[in-house]
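Take a look at the structure tokens below, where one protein chain is shown in two forms, each on its own, as structure 1 and structure 2.
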Structure 1
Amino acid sequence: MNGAWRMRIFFLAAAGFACLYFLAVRNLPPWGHYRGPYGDVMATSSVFQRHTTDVVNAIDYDYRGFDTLGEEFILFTSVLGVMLLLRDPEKNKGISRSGNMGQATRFGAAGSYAALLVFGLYMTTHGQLTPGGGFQGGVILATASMLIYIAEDFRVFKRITSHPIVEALDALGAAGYAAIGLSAFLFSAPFLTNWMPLGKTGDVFSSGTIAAISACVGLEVTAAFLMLGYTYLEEIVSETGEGG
């Protein structure tokens, strides 16, 4: 199939899609006039039912917890796939330390790293109260670690992030989520029932399993993104042959 024919077929299909899409959205509620009942039910009930002030996280880690478990395993298997495809123990054997960063860069990166770590931990542990949670906090924690690479060099970054403990934490986070879900069986309750004490609304230690699951997700996302960052950096470093 040559390019011209491919374009003809594409534009035919795109025009068909555009027509059907227009017909479909034409009868949606006017923009800005949301009227589905479910969002309002969730928004008004989760504070009282789950002692959670961030409704989005109450949905993610509790009401819709089973879906999020599935999403989390997509994340887990994707990272596993990247590891399988790209990781090569023979790579980067001969990388020498360059360490040519200026003192100001290293000092600045180390200071920002500390601040970002605290911020990431805050995000991970306060998801039940304010916007944040395991997914966002985990990404902040993992990307903050890139500053190690900036401040030091690839060898130091590798020593920290390619450690088996990171892989173990990744698995632990994924397993922890499932284990919290399964633990409801001990009380003869359905999978992922929020059985832990709900605590006082607005406290850090509130909302029962929501906070616990959020922490597990944070652990897994941190480890997953650390491994991704390491694998891709390794790929770049081995291509260019630079150590830092």
Structure 2
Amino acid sequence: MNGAWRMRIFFLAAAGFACLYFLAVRNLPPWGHYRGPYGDVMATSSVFQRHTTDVVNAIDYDYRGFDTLGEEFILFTSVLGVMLLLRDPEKNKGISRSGNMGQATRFGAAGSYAALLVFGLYMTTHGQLTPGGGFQGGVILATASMLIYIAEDFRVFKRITSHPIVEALDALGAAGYAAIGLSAFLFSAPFLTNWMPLGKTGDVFSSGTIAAISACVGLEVTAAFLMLGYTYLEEIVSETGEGG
């Protein structure tokens, strides 16, 4: 197929998508007029039932926790597949990008890393109180490590992200979610029942299993993206032949 036909197909598909998008937008309710009764019920009952002030986390890790468990294992499996596809035992593992960044850049990266680390931990551990949770906090924590590669080099980044402990933490985070769900069987309750003490609303240790599951998700997401970043960087650095 030549370039002209590819362009025709693209514009035809784009026109169809634009029509569907226009029809979908047309059917949206007016601003401020939410038509979903389920959301109103959750907003008024989750604080009382689960002692969490963030309704989104109550839904994700409790009311529809089984669905979120599947999403976490999709991420786990996807990262595992990427690592299996890109890993090559014959590659030169000593390849490194030269770290020629100035002192100001390195100092700024170090300060930014500390700030992102604290913010990521806050997002992971306070998802039951404020917008955030394990998925958001885990991405922030993993992203912070990229500053090490930017300010230093791949060799330094590799020492942190290629360690077997990171792989173990990834598996531990995914397994921890399932284990919390299975622990409900010990109390003759259905899978993923919120059996832990709910605590006081507004306190960090409130919401029962929601906070525990969010922490497990944060651990799994952090480790998964660390390994993903390392695997991709190793491939790119090896392909370009940059050396230290």
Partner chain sequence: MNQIVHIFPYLVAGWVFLCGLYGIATSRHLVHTVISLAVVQTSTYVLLLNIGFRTGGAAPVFADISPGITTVDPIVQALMLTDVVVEATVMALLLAMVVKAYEKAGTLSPDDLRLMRG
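Superpose the two forms; the largest set of C-alphas matching within 1.5 Å is the rigid core. Predicted model, so just to flag it, every value in this text is computed and none were measured. The first residue in the sequence of structure 1 is number 1, and each one after it adds one.
Between structures 1 and 2, only structure 2 derives from the form predicted alone. Relative to the superposed core, residue 190 shifts its CA atom by less than 2 Å between structures 1 and 2.
Relative to the superposed rigid core, the position of the CA of residue 48 differs between structures 1 and 2 by less than 2 Å. When two forms of a protein are overlaid on their rigid core, residues whose CA moves 2 Å or more are considered shifted, and residue 26 is one of them between structures 1 and 2.
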